[in-house]
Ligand code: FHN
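Just one chain follows, in the form predicted alone, and it is written as structure tokens.
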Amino acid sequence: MKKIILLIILMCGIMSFQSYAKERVPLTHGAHRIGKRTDAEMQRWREYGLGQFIHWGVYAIPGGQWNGKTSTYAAEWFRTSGLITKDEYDNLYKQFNPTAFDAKQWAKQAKQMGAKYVIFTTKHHDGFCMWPSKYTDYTIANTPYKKDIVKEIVDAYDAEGIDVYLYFSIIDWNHKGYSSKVPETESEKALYETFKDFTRNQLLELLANYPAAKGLWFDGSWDSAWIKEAAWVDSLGDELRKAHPGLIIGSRFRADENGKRHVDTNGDLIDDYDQRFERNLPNTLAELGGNDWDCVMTIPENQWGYHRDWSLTYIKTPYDLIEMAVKANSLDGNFVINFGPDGNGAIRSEETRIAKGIGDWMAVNGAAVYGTYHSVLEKQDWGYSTQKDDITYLTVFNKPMNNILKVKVPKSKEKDMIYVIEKAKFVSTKKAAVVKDGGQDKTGSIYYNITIPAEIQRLNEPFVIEIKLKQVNKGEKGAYQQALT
């Protein structure tokens, strides 16, 4: 009987494996790599920790308002708000003259905030180009400003040591060949071919004009017409990578031949990192499938471009954004904060204050963010933990009322071994922390208590404790005493 049962179990296992094997679909235009990129360029991206996003274009001129009426719509989509005619909107570029724009000042502010990279909107859905593209007249060259804004951004940020990524919208409401739906008639198909050529030419132009850029950040690739062009877009991606070795492209660029975006039909990530976490953070590593990822976040609830009226939504505080940034890095992601300059080229004062608040904190505590990753500690109520090499950073957002931080350390996988806190110090004061035994729970997990001193209590802001864990034998002198019982 036992042999029969074992045989049944074995057959079930074989059938399950065969079923899994059959589930994988042969794809020509799915993921071309299983697992993470391991090259130096991608590792650099992985270690940024914090970035800046800038949404800026002619939509900043109305700023969500027109003829005395205010739209609650996303400001960068203002052309479709119903408050302005398409003709009125398409002529706004004739008054685009941002005399307050100072790329060097923007870059300095980004550096003070602690950003390691910036994503800049070269062209949003309205089709207006912030560089003098030779493939359309709808560009910065034909405004009163005239100068190449993309070049000014790339040069200024590069000079500050901040890497530049170029945002590019596939949607282009200004191009006569653009279509959101799959073309049906021969004339529609011919027009869409002109749009494809135009898009290819502009992308290659951007890479040629701004070779210092590290990658392309795509938007607007959800249209059925673009999804249907999986083979062509895949080929274009190869061409872009050949033109710019090391180029980094997120998962918004293309779909597989079955229309699956971000991850292909087999569940494998398309291109280099997962872009699905827009204004939304995951809570566990399991949600991420082992992929690199980033989260891009607005300061208002949902305004990327400049909106004159910030009373419409909740405005995130510096500490809201810092907590999101640490959370993202604790789950092996990057966090990117968006800014929407006004039509004159000025970053609004509220955003400047928020950036400074973040930067002041990062200047002291940035070690908990830059180059860190998911730590050996499990998530605990006081905040998040990150790790770099053998150092673990505890970033405390919820300070205990009794000013004693209870830290649960991981269980050792080795028999008769336990983890102990070998060293601990407060990052802001560089003073050693007082660490005492904190008891065990019913599962045998070990805790340590770290006393929060008065000078840290007075900070009234998130703080970081740097600890170093080591494994010792349960019987070793100085090891946690209750582990011996």
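The shown structure was predicted, so the numbers you read here are calculated from the model rather than taken from an experiment. In this text, residue numbers run from 1 along the sequence as written.
Absent from the display: the form predicted in complex with the ligand. The rest refers to it.
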Using heavy atoms only and a 4.5 Å cut-off, decide whether all three of 53, 252 and 278 touch the ligand in the predicted bound form.
yes
Among 222, 232, 135, 319, which has any heavy atom within 4.5 Å of the ligand in the predicted bound form?
222
Among 256, 76, 172, 351, which has at least one heavy atom within 4.5 Å of the ligand in the predicted bound form?
76
Residue stretch of 120-128, 399-407, 363-371, 102-110 approaching the ligand in the predicted bound form, non-hydrogen atom distance within 4.5 Å
120-128
Are any of the heavy atoms in residue 217 no more than 4.5 Å from a heavy atom of the ligand in the predicted bound form?
yes
Given that the partner is absent here, does residue 382 sit within 4.5 Å of the ligand in the predicted bound form, heavy atoms only?
no
So in the predicted bound form, does residue 145 come within 4.5 Å of the ligand, heavy atom to heavy atom?
no
Give a yes or no for residue 346: in the predicted bound form, does one of its heavy atoms lie within 4.5 Å of a heavy atom belonging to the ligand?
no
